[in-house]
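First, one chain by itself: the form predicted on its own, in C-alpha cells.
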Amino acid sequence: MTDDVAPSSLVQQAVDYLIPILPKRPTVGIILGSGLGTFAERPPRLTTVSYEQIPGFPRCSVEGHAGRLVLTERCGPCTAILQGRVHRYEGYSLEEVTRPVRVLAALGVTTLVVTCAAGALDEMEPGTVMLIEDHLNLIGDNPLIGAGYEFTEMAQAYDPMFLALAERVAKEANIPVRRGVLAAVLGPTYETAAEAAMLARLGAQAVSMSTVPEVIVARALGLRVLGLAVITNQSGARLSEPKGHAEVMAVAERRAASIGVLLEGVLPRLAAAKGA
C-alpha cells in the first residue's frame, strides 16, 4: 500500500472498478482458505476477476491461494467468493489483509463465510471440520487500530443461528462436525509443542494464521459470520520428518468436497435467514 493513499480511498477504487463488471451485487461473501479453492471452480460462474486486476487488492503469494474473485448464483444467493487470501506473515498490514472484506461489504455483502486450514490442539484428527464458535486473537495486532478505529462488540462474533444451521446441514449430509475455539497466531512458523500446549490451556481447540482479522472487520461492519476450519494437522506434534504446508494443503484438498457440500447446503438457508 502506498503511504499517501488512504485505505478508504483504496477500498473505493476497488468498488468503483468492480461495480461495472459485476452483473449483480452479491449479498453473501465466502473466503476460501488453503487448499479449499476448488469450491470456486465449479460452474456456473457469473464473473471471475483476478485480484491483480482489482485496484488496491493485495496479491496472494502462498500456494493454495489462487487470488481470484468469483461471482456465482449456483447455491441461490448472489455470492462473491474470494478464492484465496493474504496473511500478515507475507508482509501485509492487517489493513491490507482485511481490505477485501471492506470491499465486499461496500458491494452489498451482509453475510460472510470464512474458511481456513487449522492445526488441532486436542484430539481432533486431520480431516475434521470444526465450526468456529469463538476465537482468540493472538496475532499481536488488530485491523481496527488507527485513524477511524471502531469499538466493536465481539461477543457472539460467530452467528449462533448460522452455527446451528451448519450443524443441521452437516447432520443431513452425514458430515461429522464439531464446534471449537480458533486461536489466531502470526506465523509463518508452526507451533512448538510448548506453544501448542499453551494455546490449549488458553481454551483453543485449533490454531490458524488467518481468519480472525477478517472476522473482526466483518463484525465492525455489521456482517453476520459463519466460520469453518478444516483440521489439517496436529499442532506441535513431534514428527519424525517435517511435513509443513504441503501436508496442510493435501489434507485440506481432500476435505474440500465436504466443505463444498456444507456450503451448498448452508448458503440457500443463509439467504432465507433474517438479515442474511
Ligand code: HPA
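This one's a predicted model, so the numbers in the text were calculated from it and none came from an experiment. In this text, residue numbers run from 1 along the sequence as written.
Form predicted together with the named molecule: not shown, discussed below.
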query: Stretch from 123-131, 159-167, 96-104, 185-193 whose residues place a heavy atom within 4.5 Å of the named molecule in the model of the complex; finding: 185-193
query: Sole residue of 30, 207, 229, 69 within 4.5 Å of the named molecule in the model of the complex, by heavy atom; finding: 207
query: 4.5 angstroms heavy atom contact with the named molecule in the model of the complex for residue 211; finding: no
query: The named molecule contact in the model of the complex: residue 233, any heavy atom under 4.5 Å; finding: yes
query: Residue contact check: residue 117 to the named molecule in the model of the complex, 4.5 Å heavy atom; finding: yes
query: Neighbours of the named molecule in the model of the complex among 212-226 [non-hydrogen atom within 4.5 angstroms]; finding: none
